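Given next, in structure tokens, is a single chain: the form predicted alone.
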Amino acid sequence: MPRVALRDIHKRFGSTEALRGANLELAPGEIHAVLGENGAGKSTLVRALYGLVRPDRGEILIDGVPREISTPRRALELGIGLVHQHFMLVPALTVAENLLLGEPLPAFLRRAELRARAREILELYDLGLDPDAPADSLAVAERQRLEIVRALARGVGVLILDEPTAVLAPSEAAALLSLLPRLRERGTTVLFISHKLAEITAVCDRVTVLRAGRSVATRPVAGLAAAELGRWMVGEALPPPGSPPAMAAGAPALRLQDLRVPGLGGIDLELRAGEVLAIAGIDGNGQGPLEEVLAGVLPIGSGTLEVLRPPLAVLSGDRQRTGLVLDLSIGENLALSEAAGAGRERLYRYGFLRSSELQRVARESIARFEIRGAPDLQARALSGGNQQKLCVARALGGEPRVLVAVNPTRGLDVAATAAVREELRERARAGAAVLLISTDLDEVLELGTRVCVLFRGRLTAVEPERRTRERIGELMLGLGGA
């Protein structure tokens, strides 16, 4: 009997049919991957299982019994836990407080008892953390593992992991993936959401592929190649990985000299036309302040920043907080850059928005970047991947001569990832200067004509002769040495 079964699940958001008869069965104690293009329905299916959305039609069975899962609390009661892609810890609380937050505890619990209970749980799952350490003092990988242990400590038997390695260094991702077989041995069923095909083939037992809201295949992973999974997902062979643009760098386009702001300690950088300078690093090592100072929203403390070949465009690393206005339509979001420029001529005339031109530009961008939505659809209604495509479309739409791209493919499926990376190469080949700031080491190696690593607010260049995953991974963890 399946531990969990979702049968004939339908869900519509306005005119968008997110799920059109999707099916998923999870066996007890298996690691099961869900794979699909952006907008295929993965997030909606997971949200239905965790009680974040209610299906319009279909049923969910837990151990063979039909259940209505109307809230996350009800999901937890039924033994289903979700570890979100973005951390849900309370930074100001300690490890122990985060671990037991929301648990039914006595009205008066001494700190020593809280600490002892937390230590017992941490030792059970081999997580060597100090119960008194503030959550915001933990490394990214430690926070990720704490999130997982917190879910397991609530007694869940089904654990949903949403893009769990998205912000980890290679060695940290490998350590996390090595944890999953141990969870399987304990009898935990793991639902694994990832766009990284190599991870799925490495740790998963079975995979279900969604396409356009329907389940198109469920297969054992053993013996499957990543290329075959890609074909199931998009219906055709995936393009092979590309290489950095091969051309001589031109004139300087962007220069930072001893740039200091809170979170950055003296950055020196020169970016030239025609190159992709890739900055690798784990989230939280200064990427946010660097993006904000380049976008002009964070004042420079000291040092200099020169844009020598304007205009400069920034593709934000946080599509929901700073990349988009979610309550505006696709078309209106595409017009934001020109609105900020006091109504430049393409979409505005005499300060007034040209609605017909906006519709035309929006339709062109929707077709070019394969955004699943109409020009008047609210950005909030798009899947995460399609929101990311919208951010990319706006950043590239103004033909910037300097492009700052922060995690440009985060949340994109493999086909869309390949397309966006090729767009960045084409911009460099056409003479634009591209500064790529990415936590994805594959992306850094595939795109960067030069590579640097950002660690605790300081930038270290990677020597061309030592440009390997191992070397860059060491630098990302602060283990570079000489």
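Numbers follow the displayed sequence, beginning with 1. Keep in mind that what you see is a predicted model, and the values were worked out from it rather than measured. Take the two forms, find the largest set of C-alpha atoms that superpose within 1.5 Å, and that set is the rigid core.
What comes next is about the form predicted in complex with a small molecule, which is not displayed.
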Heavy atom of each of A40, S43 and G385 within 4.5 Å of the small molecule in the predicted complex: yes
In the predicted complex, E291 touching the small molecule (heavy atom, 4.5 Å): no
Contact test in the predicted complex: H195 vs the small molecule, heavy atoms, 4.5 Å: yes
Close approach of R309 to the small molecule in the predicted complex, 4.5 Å, heavy atom: no
Interface membership of E147, the small molecule in the predicted complex, 4.5 Å heavy atom rule: no
Position in contact with the small molecule when the complex is considered in the predicted complex, options I121, V221, A381, A295, heavy atoms within 4.5 Å: A381
Sole residue of E332, E172, E163, E97 within 4.5 Å of the small molecule in the predicted complex, by heavy atom: E163
Stretch in contact, per heavy atom within 4.5 angstroms of the small molecule in the predicted complex, of 43 to 51, 453 to 461, 430 to 438, 58 to 66: 43 to 51
After fitting the core, T468 CA displacement of 2 Å or more between this form and the one not shown: no
Large Cα shift (2 Å or above) at D162 between this form and the one not shown, core-fitted: yes
Sense of CA distance change between L377 and A166 in the predicted complex, threshold 3 Å: closer
